[in-house]
Each structure stands twice: as structure tokens, then as C-alpha cells.
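Read the single chain below, which is given as C-alpha cells and is the form predicted alone.
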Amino acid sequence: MSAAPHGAAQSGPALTELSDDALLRLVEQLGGKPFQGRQVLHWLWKHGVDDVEQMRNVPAKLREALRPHRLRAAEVREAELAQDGTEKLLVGLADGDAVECVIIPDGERTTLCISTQVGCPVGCVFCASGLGGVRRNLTAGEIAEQVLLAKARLPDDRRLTNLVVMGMGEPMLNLDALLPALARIHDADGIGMGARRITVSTSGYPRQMERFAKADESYNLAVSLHAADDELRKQLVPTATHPVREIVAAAHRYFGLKGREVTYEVVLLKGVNDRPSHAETMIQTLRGLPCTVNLIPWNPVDEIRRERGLERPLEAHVDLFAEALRCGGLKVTVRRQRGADRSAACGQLRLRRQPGA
């Protein structure tokens, strides 16, 4: 008799949504021993199994007792593979909603970008993720499970090397779930990814950034700045309530506590924030700080392009902006466009499959 199929009508949270203590209690309630509960945890996270029958060293009686319980909270509903190897996954959740994660192979590196909320409350004018607002926070299990789903799709000769939490949603507004999810992902007895390979991106919430800095592990921090001028940034990020100087100060305090250089992300838009004067303001704001500026030429979203008239910047303007920052003493990287032939921008796949979401 096989385990109940994923998505079947089953009560209660999935096993991946339970804390270690809660899962151990469940196993004991089902007649198992504490060490058998730890075996179940190992199978769920270290091996990423999605069927109780794959838990080979767990007694048949306990496997039978676990059968009515969902192992996972999510599943891959759809996948789009781009010519450059980038694969975007539409991850279906138990309540019928969906988020996105993206697998990005690049030489020996394989980076996974994951989401923390269904939709996004920030509402950046260029982003598809926030077009329908935010529906809810993801649970810790739903966040961490995206890593399991992605790992299962990798060929045997490729492993996941880096994780970026910069998909759908604002991570700092879901720290109650994000922090335990990252602990699960980092834990040597869990997924086992080093903290130095994990980056969390925020649009800038100083109080939450300070709480994030108190986490046991030292993850990398990225700040979606987009403009160093408060007025222009407010146009790009309408929900922004904190001045740029407060956000940069909070990020610098993070560096002071963790010793991790902060990355400032700037999505460049043609004629909006890609001019030399914008570069000069950024130089004045960030000069002397231990940081890197990551320039991201906008991935066009048809719906946004039609409604708001935004365009991808000219390559020459991106190069000039980068050179100006370098001449101003800042370290700069320019992100290459990936998955351009397959819904490159975050939130596009979900938007197409769930209009109005």
C-alpha cells in the first residue's frame, strides 16, 4: 500500500511545517521512539523524500501511522526552462495559491532564488510580484521546501551552491517564518547549506534589519536601494517610509555586527534612474562604506511596460553608470539577464497563470 498522494485531502500541517519538537511529539503519539522521530526528520530534510515508503530505516508500523499526514506543503505545479539553463518553478501551495522560485546555473555555481510571501506588499513600480498586493506570509516549511523542490530537479553532476531570498515578497516582513526556515536550510542535520552562501534581500526596514542581525548565523544582506535620492526612491518604491540614510545606516550596523559586506541592488530603468546625476547621488551616499553595488537592468514585464511606460535601459547607459560608480570609489557588479525567453522577471509566471493574483 503506497503513501497517500501529495495534495490528497489530509488534515493538519505537513510534516515539513512542523518544528523538530512538534514532529518528535507526533512520532511519539503515533507509537514511535524519539530516535525514530529524528530519523523521520533526517529523511524529510537531508534526503528530501516525498513518500514515507522511502524512509527505509523507519519501521513499517510507524510508516503506516504517518501515511495520513502530508509530508510536504508544496509541489511544483509548472516549470519553464530557458535556453540558458535557467529554470523557473511555479510552486503550488496547499491552499491553491502559488509562488515562484528560480534555479540559475552559472558555470560551477547554481543559485536558487526563493520567495517568502504570496505576492508582495512593497509595490515597486517595476515589479510583477506586487501587482496584486500580498495575500499572506509563507510558513517556514513552505519557504524551506522550495530548496528541496529545486534540489530534486538538479542533475547528478550539479549541486545547489547558493541561495538568495529575493523572490516574491519582502523577507523582513516575514521574519517569524524566515529565520526558522533559514536555520533549517543551514542546519548540518537539515539541508546543510553554509550561511556564507545565503543572501537575504530587503527593500529596507531598519527595525527588522536589526532583528535579522541578531540571528545566530551571519547571512549575507542585500538592500534593494534603486535610488539614493529619497524623492526618486519614493517614486520607485511607493511604500517606502524610511529615508535612504536610515536604511543605509541600518545596513552598516549589520556589517558592524556580522562582518558581512552589504550589497546594494539597483534596478535600472531607462530615463528614470540611470543618468550620471543618479550615479553621483549614489556615490555621495555610499562612498567609504564597505559595500558592493549590484546594477540590474530591468527585465521588462509587458503589463507594466504598457501601463507605466517603463523600459529597459540602454546597455551603453548601464556601462556609463557602472563606470561612474567605480570612478567614485564604489565596487560594482552588473547582473546579466537570465531566462529572458522564459518569464525572466520575478512574478511573471504566476501572473500569467493566475491573472489578478
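In this text, all values refer to a predicted model and were calculated from it rather than measured experimentally. All residue numbers are counted from 1 along the displayed sequence.
There is also a form predicted together with a small molecule; it is not shown, and the following applies to it.
165 is the sole member of 71, 228, 165, 272 with a non-hydrogen atom within 4.5 Å of the small molecule in the predicted bound form. Of the listed positions (296, 324, 55, 66), a single one reaches within 4.5 angstroms of the small molecule by any non-hydrogen atom in the predicted bound form, namely 296. Just one listed stretch, out of 201 to 209, 85 to 93, 246 to 254, 142 to 150, contacts the small molecule in the predicted bound form at the 4.5 Å heavy atom level, and that stretch is 201 to 209. Using a 4.5 Å cutoff between non-hydrogen atoms, residue 170 counts as a contact of the small molecule in the predicted bound form. Using a 4.5 angstroms limit between non-hydrogen atoms, residue 174 is distant from the small molecule in the predicted bound form. Taking non-hydrogen atoms only, residue 80 never approaches the small molecule to within 4.5 angstroms in the predicted bound form. By the criterion of a heavy atom within 4.5 Å, residue 44 is excluded from the residues contacting the small molecule in the predicted bound form.
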